[in-house]
Structures are given as structure tokens and as C-alpha cells.
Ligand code: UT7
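One chain follows as C-alpha cells, the form predicted on its own.
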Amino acid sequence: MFNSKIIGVGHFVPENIVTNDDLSKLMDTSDEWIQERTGIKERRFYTPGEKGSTAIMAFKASKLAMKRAKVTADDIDAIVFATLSPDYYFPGSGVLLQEMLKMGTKPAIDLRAQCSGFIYALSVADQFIKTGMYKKILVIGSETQSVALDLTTRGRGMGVLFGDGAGAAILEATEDNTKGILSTHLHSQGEFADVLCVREPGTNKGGKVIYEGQHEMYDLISPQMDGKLVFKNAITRMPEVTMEALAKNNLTIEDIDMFLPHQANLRISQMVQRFLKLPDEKVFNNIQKYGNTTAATLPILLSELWEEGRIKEGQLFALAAFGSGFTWASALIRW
């Protein structure tokens, strides 16, 4: 059986930087209020002139990942694309990226697991490689979320959190079972689906709400979240699934060289770090400058670490995520 190793990573974020002070001009908030609750200082939004596109950002991140991996689109056997903000209601953004890369008729798989999407996508790609079906797979996390945010005081609870961006990773088959993705661990709990969601457009009400202009439309088409419940579950599930991965591989917390938590809220990351008793030098966060880019947070983190020369052969990386669904997941990667 083959193992999967990451041979290249890349990312892309829009040039438009939106600071907390910028948001304070649109809603009743302040830089102090946002930083105290989330740790976020700024985020990236597509500007109208850029015609924001989840697939276009994915394309730019993919080209960088391919350059670093020294491969071309012809070398890639399949795409696994994670996003909650596709370019179209259907089809998914995977086929758009496939066409941009001129990959002929190779498969593009779209996956929706929200903030856990990148690890879910890694897991799917890993299984394809392990079975020998594919040798090289492009895994994407890309989000254009700014277009759906209510940037008024009414929507500030969600509006200050999210940003746009994309990250990509190239997975390749290897016969060395001591390197690459050691294991992935996926969970979900649908009883909490309504705790963090956007209800429309959907089929639950036949999609008619949008067209009939009913008074409750705002609550249906805008992101809704019970922040306290999400926080409580995130700080429980992320340490739990990290420990699950370590136990599966007969490893301990001390074996981790770098812990990458999903970038939902700096306070969540800090609590998870505290529960796992990890020192600061083993934990990497960038939510301060990008906000929550959902499925893109972890590949953006990996790409920045690559750029900074902080990824070394033999290092053990632990990735953990939690998000809407509820979904949560972890991955252990030996570089």
C-alpha cells in the first residue's frame, strides 16, 4: 500500500486589506472590540473590480503549489476541492479549476465540510493514493466569503470574522510508510447543524423564500451562529481529535513539532493549545492578518511555513479543525 506525501504547497489572498478600523466605519465596533474577542487585526476581501472568484483564487494557489512541487497540470491525476463558497450554486468550483488548469477530462471532486474541509479533502485524496488509484492529487481549500457578509451592526457578530483566500497542496504517492500523511480522523454531529449555518438558498423551504421576499429572509440568507456553543465544542473536539490521531500512531504530545489549528478565533486556538500543553514555538497562527478563511486556513498556514523555511524533513505536523455541521477532523503528517 502506498502512502501520501505533500510535495508542494501554495496560497493566494486578495490584495485588498480590510482592517478593523475600516469595519468600524461600517458598523458599531472597534479595533479593540474585535481583537479582544477574536484576535483578528485585518482580513482580505476581494474588491468589486476583481470580480471575486473561489476558483480563480484556487487557480493562483495551485500554480504556486505546482511550481514548488516541480510538477505541471499534466502530472496531476485528480482534484479534490473543499469550499463552502463555490462560484456557482452548481456545478462546484472543482470543474472550473480543472478547466483553468487545462486538465482534459481528469476528475474534480467537490467537498463541503466547511472549516474542516481541507482535512476532509486530504483524507479523500490520501485514500485514493493509498489504494493506488491515483499517484498525484491537487487538494484545494478556497473561499470567497466577503460577498455573503452583513457588514452592518446587525451582522457584526459574523461580519468581523471571515476573509477570502485559497490554499493548495500537491499529494504524491510514496512507498515510504514512515513519511507523509500518517493518518486522518474525521467526525460529524448533525444535531448541531442549525447552530452555525446559512439556511438559504436551499431546498428546505423549496427555495421560495428568496423569491417571495418574506420578512424573515435576512435570517435565512445571512450566516447565523451560536458563538458560545461553537466555542465550547471547538475547544473540546479539537484537542480530542488530536489525541485520537496521536494514539492511533503510538505518539505523544511531545512528539509534535508543529501544531496547526484551524483559524476560527485566536481565543479558540489558545484554549486548544492550553489543553494540549503545547509551547508557543510549536503552534502557528495567522488569523490576525487573514481572519477565518474557512477551508483555506490550514493550507495557507502550510504555505506560509514553507515560504519561511520552517518545514524540515522528519518534522511531525498535527492539523486540527472544527466547524459548521458540526464537523471536526485531524491529520498527522510526517514531513
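All values derive from a computational prediction rather than experimental measurement. Residue numbers run from 1 along the displayed sequence.
From this point on, the text means the form predicted in complex with the named molecule, which you will not see here.
Here the marked residues Asn3, Ile76 and Gly132 all miss the named molecule in the model of the complex; none has a heavy atom within 4.5 angstroms. Only one of Asn285, Gln273, Ser53, Thr29 lies close to the named molecule in the model of the complex, with a heavy atom inside 4.5 Å, and it is Thr29. When you look in the model of the complex, the only residue of Leu196, Ile109, Leu149, Ala173 with a non-hydrogen atom within 4.5 Å of the named molecule is Leu196. Considering the named molecule in the model of the complex, the lone stretch of 178 to 186, 118 to 126, 247 to 255, 149 to 157 in range is 149 to 157 [heavy atom distance within 4.5 Å]. Within 4.5 Å of some heavy atom of the named molecule in the model of the complex lies at least one heavy atom of Arg37. Gly227 belongs to the set of residues with a heavy atom inside 4.5 Å of the named molecule in the model of the complex. Among residues of the shown chain, Ser303 is not one whose heavy atoms approach the named molecule to within 4.5 Å in the model of the complex.
In the model of the complex, the named molecule sits within 4.5 Å of a heavy atom of Phe231.
Scanning 265 to 295 for heavy atoms within 4.5 Å of the named molecule in the model of the complex gives Asn265, Ile268, Asn292 in sequence order.
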